[in-house]
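Just the one chain here, laid out as structure tokens, in the form predicted on its own.
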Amino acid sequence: MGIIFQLLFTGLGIGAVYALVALGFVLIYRATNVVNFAQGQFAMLGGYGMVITTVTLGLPYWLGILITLALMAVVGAIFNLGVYYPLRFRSFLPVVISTIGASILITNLVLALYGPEPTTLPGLTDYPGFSIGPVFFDSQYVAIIVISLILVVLQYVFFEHTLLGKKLQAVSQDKEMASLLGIRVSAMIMLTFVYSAVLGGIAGILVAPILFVSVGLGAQIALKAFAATIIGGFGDVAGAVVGGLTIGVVETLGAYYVSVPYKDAFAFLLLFLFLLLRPQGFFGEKIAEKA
């Protein structure tokens, strides 16, 4: 039982990172009806931002976090203006292709600047962790879970109990009607991209000390996060969180009990089973159309 609880704790820690990136997918999809396939690269940039500020420049960790998140906000704004905004009146496919192109561009720019070698990043604290019975609670995993929980709660309060949050929800549900009601739709979409980029940056900062920082970090996280959005119910915020945690636990248990080299396959096996047996996900609704 001690081993099972240890694996569950580790899986929840990794799953929380997937959940944060999945939230970015969901927020942009609900605001623009477009899937942003560069969301994983936001996490990679967050990790590299911390490497530059804390390792290369030697700045304090807290200052590195603030600078990195500020830069991620700028990246989100530039991404909105350069990738989404020029194509906002086009169909779904051109915008999706543009996000894929942007993800490839970001990856290759980082590869040209820093090379393919993984880079290490210190954890949030030097304190290793603590034990309760047979379970060791690593401080980095504890920080990931706690910070992710705080962000989810703050996001819920923001969207449900603030005027700005309700405006964002209105835009996600019906942009034309929101515009008629006097809501600046373009400003709300800009804010969504900025927020999703910051979320991705936070995910990268949290997971970088565990998985190392490399050009492949973004794709590694994005694939699992995208699967999490489908498992949870595409477009559902709670589903993104539950889907991310589920994938983290499943791949951790699979790596221990079956095979470490094939641990990434378990997430996609779970995705396949959901698409086969429950394609609407945990919280999705069945939608039927009459012929």
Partner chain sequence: MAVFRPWKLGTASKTMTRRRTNGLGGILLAASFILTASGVARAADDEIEIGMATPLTGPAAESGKYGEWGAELAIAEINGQGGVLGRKLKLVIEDDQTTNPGIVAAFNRLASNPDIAVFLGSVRSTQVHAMDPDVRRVAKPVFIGGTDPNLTHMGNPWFFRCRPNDTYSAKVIADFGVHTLGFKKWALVTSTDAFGSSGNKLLTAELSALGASVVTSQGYANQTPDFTPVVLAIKGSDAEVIGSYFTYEQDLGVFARQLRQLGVRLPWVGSPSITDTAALHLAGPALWGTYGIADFNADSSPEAKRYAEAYQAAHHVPADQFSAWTYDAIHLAAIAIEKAKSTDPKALREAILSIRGYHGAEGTYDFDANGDGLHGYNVVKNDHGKIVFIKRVDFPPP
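Between two forms, the rigid core is the largest collection of C-alphas that superpose within 1.5 Å. Residue numbers count along the first chain shown, from 1. These numbers were taken from a predicted model, which means no experiment stands behind them.
The same protein also has a form predicted together with its partner chain, omitted here; what follows describes it.
Colleague: Just one of S179, N108, T162, T125 has a heavy atom within 4.5 Å of its partner chain in the predicted complex. Which one?
Modeller: Checked against the cut-off, the match is N108.
Colleague: Are all three of P118, Y141 and A255 close to its partner chain in the predicted complex, meaning a heavy atom of each within 4.5 Å?
Modeller: Yes, all three are in contact.
Colleague: Considering its partner chain in the predicted complex, find the one stretch among 43-51, 231-239, 62-70, 256-264 with heavy atoms no farther than 4.5 Å from it.
Modeller: After filtering at 4.5 Å, what remains is 256-264.
Colleague: Taking any heavy atom pair closer than or equal to 4.5 Å as contact, tell me whether Y156 reaches its partner chain in the predicted complex.
Modeller: Y156: no contact with its partner chain in the predicted complex.
Colleague: Does the 4.5 Å heavy atom contact test between Q220 and its partner chain in the predicted complex come out positive?
Modeller: Result yes; Q220 sits at the interface with its partner chain in the predicted complex.
Colleague: Is there any non-hydrogen atom of S98 lying within 4.5 Å of its partner chain in the predicted complex?
Modeller: Flag for S98 set to no.
Colleague: Taking its partner chain as it sits in the predicted complex, is L211 near enough to touch it, meaning that at least one heavy atom pair lies within 4.5 angstroms?
Modeller: Judged by the heavy-atom cut-off of 4.5 Å, L211 is in contact with its partner chain in the predicted complex.
Colleague: After core superposition, I'd like to know whether I230 moves between this form and the one not shown (criterion: C-alpha shift of 2 angstroms or more).
Modeller: No, its C-alpha moves less than 2 Å.
Colleague: Core superposed first: is there a CA shift of 2 Å or greater at A255 between this form and the one not shown?
Modeller: Where the cores coincide, A255 still shows a C-alpha shift between this form and the one not shown that is 2 Å or more.
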